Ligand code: BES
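Just the one chain here, laid out as structure tokens, in the form predicted on its own.
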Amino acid sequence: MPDITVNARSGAPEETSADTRVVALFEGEELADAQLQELVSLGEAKPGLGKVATDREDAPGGGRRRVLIAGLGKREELDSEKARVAAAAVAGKAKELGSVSLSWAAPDGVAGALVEGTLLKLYSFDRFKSKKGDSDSDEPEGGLESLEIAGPDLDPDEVERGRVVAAAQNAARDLQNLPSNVADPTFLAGRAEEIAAGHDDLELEVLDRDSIAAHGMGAFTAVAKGTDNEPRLIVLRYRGGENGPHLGFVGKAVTFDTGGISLKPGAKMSEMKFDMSGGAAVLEAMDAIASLRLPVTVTAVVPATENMPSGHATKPGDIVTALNGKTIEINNTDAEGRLILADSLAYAVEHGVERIVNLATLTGAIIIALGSTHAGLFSNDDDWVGEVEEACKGTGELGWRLPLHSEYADLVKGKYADLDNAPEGRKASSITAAEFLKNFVGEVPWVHIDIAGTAWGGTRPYVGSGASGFGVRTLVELARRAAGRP
């Protein structure tokens, strides 16, 4: 998608030079402009969230410009998520009308969310279209080139943060949308190298197949055995300051998941390019955290591999030893995400992280439980999961905590080894996957976020039903909170 310039302006909103101006309409309130209020009185403009009406007005310096009247519901109920939804509706209308420059008269406290909703809505992925922007719609060519957020008490830092976070989320969506013959583990390592090269406070370490095995990561090695494409353990270390705990972000990046010897059904297997969504979110969140120069310490670990069947692939029944010494019966090679995460979590603990969040498209069962509205949260620490829940709520990337219990933990005990990666019976599948991961974090406060239902195919108006980049906003928010930023 083309770059959109974003800026903040503290002057009167109506003084903008943009070709399209946005006015917020709240339930029970009148607009100051009599001409615009007439549209409200006639019922053409409505205050309902996501409603957008169009009018024209005289522009400073002569000529006429568009005015979009955006419904935001009740003022006292406006929050960042509602602002994203309203901004998405406006962005869609502005695109339809062929607007080149857009200016929002921002209500208090949601300037950053308006930026996010706009940029996320206008995202498109046409890299492999022979004719860029090709579609069956009647939308005009071109597109929005600039976005202005205007208001008398505007915080420009909030606007810039919204731009940085939205850009990172859209970059994660790019990684998700790329086909697996392009975005293989080596490609992801190359993207991490680009990110690290752009920031003095970021350093990169990449482990190849031999180094992964030499480190004692038997579970990760087992998953990667079936593929001819080289696996990579990608480690980004951000040393922006010492505020708060040393955070560890771990993201599953299976760049294509066939299921291995336990082969998946063919229907919709093409969607398994999205099995690296957790890793994509972690990589791009690190870029945003470094761009915002947050005074925190974060170590990101992204295990990247394909899961393929072959003559040298791991077989059901094989037993391997993970980095922390736990032995694992691999009774289903399609339960591979927990295997690469196991070694990666242990690696993060070994390198001194004090709080961990891992993101993974881990189980189909979480979609049955929570759909595409909430991600599943699992934790060994009430205080830490409480912080993660608040970050999820604040960013609109909702999470719902599910329980862990000793009886669930018993289900992942192995018959011939310490652990079984795929217990029979399919009881509480998302929970048992989390119980499996819990064995690799020790006493470190940890939250596992299962994003299988939210990484793509959701219904949020600003991301639609495609790749969502879910998790980027939450990880950045956690880093901001650790840094003590309001």
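Residue numbers here begin at 1 and follow the sequence given. Owing to the predicted nature of the structure, the values given are computational and were not obtained by experimental measurement.
Not on display, but discussed next: the form predicted together with the named molecule.
Taken together, the three residues 386, 448 and 478 all stay farther than 4.5 Å from the named molecule in the predicted complex, as judged by their closest heavy atom. Shown without its partner, this chain lists 306, 275, 329, 287 as candidates; in the predicted complex, only 275 has a non-hydrogen atom within 4.5 angstroms of the named molecule. This chain is displayed alone, yet in the predicted complex one of 344, 118, 361, 255 has a heavy atom within 4.5 Å of the named molecule; that residue is 361.
Contact with the named molecule in the predicted complex, defined as any heavy atom within 4.5 Å, is confined among 378 to 386, 330 to 338, 216 to 224, 175 to 183 to 330 to 338. The named molecule in the predicted complex is approached by residue 264, whose closest heavy atom lies within 4.5 angstroms of it. Though the partner is left out of this view, residue 235 does not reach within 4.5 Å of the named molecule in the predicted complex, counting heavy atoms only. Among residues of the shown chain, residue 456 is one whose heavy atoms approach the named molecule to within 4.5 Å in the predicted complex. In the predicted complex, residue 31 stays away from the named molecule, with no heavy atom inside 4.5 Å.
Shown here without the named molecule, the chain has only 422 in 415 to 431 lying with a heavy atom within 4.5 Å of that partner in the predicted complex.
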